[in-house]
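Below, in structure tokens: the form predicted on its own, a single chain.
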Amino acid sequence: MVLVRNGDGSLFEATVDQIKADLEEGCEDAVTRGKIAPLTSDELDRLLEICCTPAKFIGTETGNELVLTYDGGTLKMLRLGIPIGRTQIIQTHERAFGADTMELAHIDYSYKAIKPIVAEERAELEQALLVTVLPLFYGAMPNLGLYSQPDGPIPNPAELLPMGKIEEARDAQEEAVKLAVSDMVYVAGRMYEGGADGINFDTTGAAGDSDFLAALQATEKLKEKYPDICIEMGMAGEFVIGMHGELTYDGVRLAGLYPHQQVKLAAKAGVRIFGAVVNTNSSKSFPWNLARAVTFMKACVDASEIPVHANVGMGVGGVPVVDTTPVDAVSRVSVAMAEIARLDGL
């Protein structure tokens, strides 16, 4: 018997055959949904070995390590209630945690909310750059929800849709895209001019296909103005929700796209690093979720011309849905993503 986890983080015992069956079923689910190639028998065997390893923590061999990027980097320690400044959090990640990159982020993690305080944020960024060496990004969410009433100026699509006002809801989302693109370009441009090594559009697509479109268009405009800018785009979910349903970019309908399709449009817009997402199903086992995530990520890497840094953490990338992520699961996900999915980073 092998001790393994469920998608909710709980432990249970399973036989090797049961784990193998879950791996095969998780892979098949990704193949069916994404219409992508399955993992090979050798790759499934390696996943089985990873899942059945008795060690609590495992690692990949030297030379196969991945680059680590962070979304909401400076917010993580603040959420733990540790009274420490954001610049000191960045220094801690650089000098104590060995982070490859770091991100300055505001607690109101949205470009619309940051626009009125962009001067203060830029000042903090400039000070952090003076005392650190690692590449420092500035990040926030497109968050089109903030543009809807009562927080924003446009009618709320979530209220219009249940009323059957489809066209009105679509018009509202299209107006929100224009407002969000303007804010994202303004804030990102100011931070880049202030010295940011890169810009992160995080949790892209959280409000559906209009949210994804806003990030793509903002990227395009920023690349026109700053050809050398590094933009990382981290997605909110494994497929783009069709809240609008008819929006397109470069002639491709956005609703329903999976990671291997999303990354092509991101690269077309000018994104340099793509943060693909696969959601964890808390009602399934860890092996099932791991195989599913690796299958999607492998297809994304194969389709991509830019580096892919998978979102791996609580509830995504095969990691169980639990606030304090178990190290046994995270380390196994990391090894599988490095060795089988052949990612560029996490």
Partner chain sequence: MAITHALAAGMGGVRTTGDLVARMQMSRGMRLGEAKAYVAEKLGVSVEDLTDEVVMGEVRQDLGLGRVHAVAGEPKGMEAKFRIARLLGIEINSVNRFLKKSSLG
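Residue numbers count along the first chain shown, from 1. Owing to the predicted nature of the structure, the values given are computational and were not obtained by experimental measurement.
Not pictured, yet referred to below: the form predicted in complex with its partner chain.
With the partner left out here, its partner chain still marks one of 157-165, 197-205, 253-261, 177-185 in the predicted complex; by a 4.5 Å heavy atom cut-off that stretch is 197-205. Contact annotation for residue 39: none of its heavy atoms lies within 4.5 Å of its partner chain in the predicted complex. Contact between residue 321 and its partner chain in the predicted complex is not found at the 4.5 Å heavy atom cutoff. Looking at residue 54, you'd find every heavy atom of it more than 4.5 angstroms from its partner chain in the predicted complex.
Shown alone here, residue 14 lies farther than 4.5 Å from its partner chain in the predicted complex, counting heavy atoms only. Using a 4.5 Å cut-off to its partner chain in the predicted complex, each of 99, 126 and 137 places a heavy atom inside that distance. Checked against its partner chain in the predicted complex, the candidates 119, 107, 133, 82 yield a single residue with a heavy atom inside 4.5 Å, and that residue is 133. Residues 66, 67, 68, 70 of 66-80 are found to place at least one heavy atom within 4.5 Å of its partner chain in the predicted complex.
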